[in-house]
Structure formats: C-alpha cells, structure tokens
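Shown below, as structure tokens, is a lone chain in the form predicted on its own; questions about how it binds or moves come after it.
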C-alpha cells in the first residue's frame, strides 16, 4: 500500500520509517524544500541506526527507497490507503490542511493526526470529511516505542477507526483505541502527571533533577518496561490490587490532597479495576506472574551490566 504523510518534521520522518520498514511505499509532503532535504537526511540516519542495531530485516538503502519527499500535497496523497498528518501543533494550520485533504483523498481513506493534544473534533470542525478524521498519536520515536493511541471524535465512523487500526497493526504498531476524547489523550496525561510532580519535588527542595531522573530510570522506568502501573501494584501486594488499594489508597489520597487534587480511589472504582485485573490474571496465578516479572527484571539488569557506561564511552 501507499501511505501519505503530511509534514516532514521529526514525527513525519519517524512515521515514514515505521511504514517503509513494514514494506509500504510512502510519500512525505512538506511545502518547504529545505524541510524535505533535512528530512531525507534524518530518514537515512534513523534507518542506518536501526540497521546497526539489528532492527531492520532489509538493507537501509532498500527501506529508504520506499520513501519519497514531495512538495505537492496532491501528489503525496494520490491513491493512498491512509494519510498521517504531522503538521505543526496549531489549529490554524491543521484545519485548512484537513479541508484540502478532504478534497484530495478517497471516501474511505482515514485522515489521522499525530497531534499530541488537539482533539479530532476540533480538527474536523466544519469539515465535510469529519467522519474520516481521527487522532492517531504515536509515542516518540514510534519505530522504537510501538504504542499508538487512536482517538476518534463522535463523528468518526467506526469503520474508519478499524481500518486505521489494521494498517497500524500491520506496520508493527500496537493501536490503543480510547473510548472517548480527552485533552492530552492517555500517553501525555500519564507523562504530564509524573512531570507535574517532578517539577514540584524540585521546586520544594526535596530532590535534584539528576537524582529524580535516576529514581525513574533505575526504578519506575525499569519496572514499567516490563509491566504497567496497574499490574505493578497488583503484583506488589499479596492479594492483588484490591489489597494494595486498601493498604495504600489513603496514603495516595493524602499525597493528592497536598497538591490540591482530590481523586480518591472509591470502592466502586477499585472494584472495577480489580475485576479487570482478575480477568487478566486470576489470583491463583499471581505467584507465577511475580516470578515471571522477576525473571524479566533479571534479564534487564544483566543487559544493563553488559552495556558500556557513559564514562567508558567518553574515554573509548
């Protein structure tokens, strides 16, 4: 298939890597020739690095040959299976672009935005192709972090979202379909919550920047590379997530109140989360999953020990 990408910035290049690596032809449009030249150089650099790391099944030249950078939007999106919009994060730029894309693409072509925060309903406002517009927000860089959030508006047809999801899954990404629109979606709301607290802890003189980053990279981040926050606390407490909420819920509520936030884990909410966790992992399998978690972390610890340290690289 051919994929059209509107915008040759860093995320446009990254999505070109994703689709080209999966075997698709890609046409990447940008109105500025200098941007296209820079993007072509960035594409080659990304592919060379992936090849050197053993993450390309083909030669970098072959994968790169599937990507064309063009200055004509009509050429870029002619007969494409999907358009990935990667324009600047400005409504006054994106809305006119979607008006053009509505005229230039077929009636069943998903128009997907890489926006980090703008809702599809805003992008589609007044657009006759509103039923084809959705947000498809990738983690950055998507060729290494394969999650992509799909956020349709109430006007987006389900068939369009499903078609987009199938294309992303076929390109090696993991689509996460959100149930409704919300500012920042899931990825940036989670990231934002951690960043807000990180800034506060530095502001309040609790910790320095470098030490805070170490808490995340050596602790939270290493653990979250294996399991997410719900599974983390589920496996941290015998009895599972319900037992964790009973023991730790009041402490987290106090921490939230300290920041002016009052979102207690109510019994109904805990019951909902616990039921979903138990459907994924019955309590009788809890010990085995804890052992699996530890095995995964052991492997990551061994990998870190084998990796050259920053001071070793500097003196090499």
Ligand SMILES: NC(=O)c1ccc[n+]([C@@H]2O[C@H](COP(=O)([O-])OP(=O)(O)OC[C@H]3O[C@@H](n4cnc5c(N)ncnc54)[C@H](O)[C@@H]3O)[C@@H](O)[C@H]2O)c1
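Positions refer to the first chain, counted from 1. Owing to the predicted nature of the structure, the values given are computational and were not obtained by experimental measurement.
One more form of this protein exists, namely the form predicted in complex with the ligand; it is left out here, but the text below deals with it.
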- Message: Please pick out the stretch from 124 to 132, 165 to 173, 111 to 119, 241 to 249 that is in contact with the ligand in the model of the complex, where contact means heavy atoms within 4.5 Å.
- Response: 111 to 119
- Query: Though the ligand is not shown, can you say which of 232, 237, 140, 95 has a heavy atom within 4.5 Å of it in the model of the complex?
  - Reply: 140
- Task: Using heavy atoms only and a 4.5 Å cut-off, determine which of 151, 148, 83, 86 is in contact with the ligand in the model of the complex.
- Result: 86
- Item | Contact label in the model of the complex: residue 10 to the ligand, heavy atom within 4.5 Å | yes
- Even though the ligand is not shown here, does residue 38 get within 4.5 Å of it in the model of the complex, heavy atoms only? yes
- Item | Any non-hydrogen atom of residue 31 within 4.5 angstroms of the ligand in the model of the complex | yes
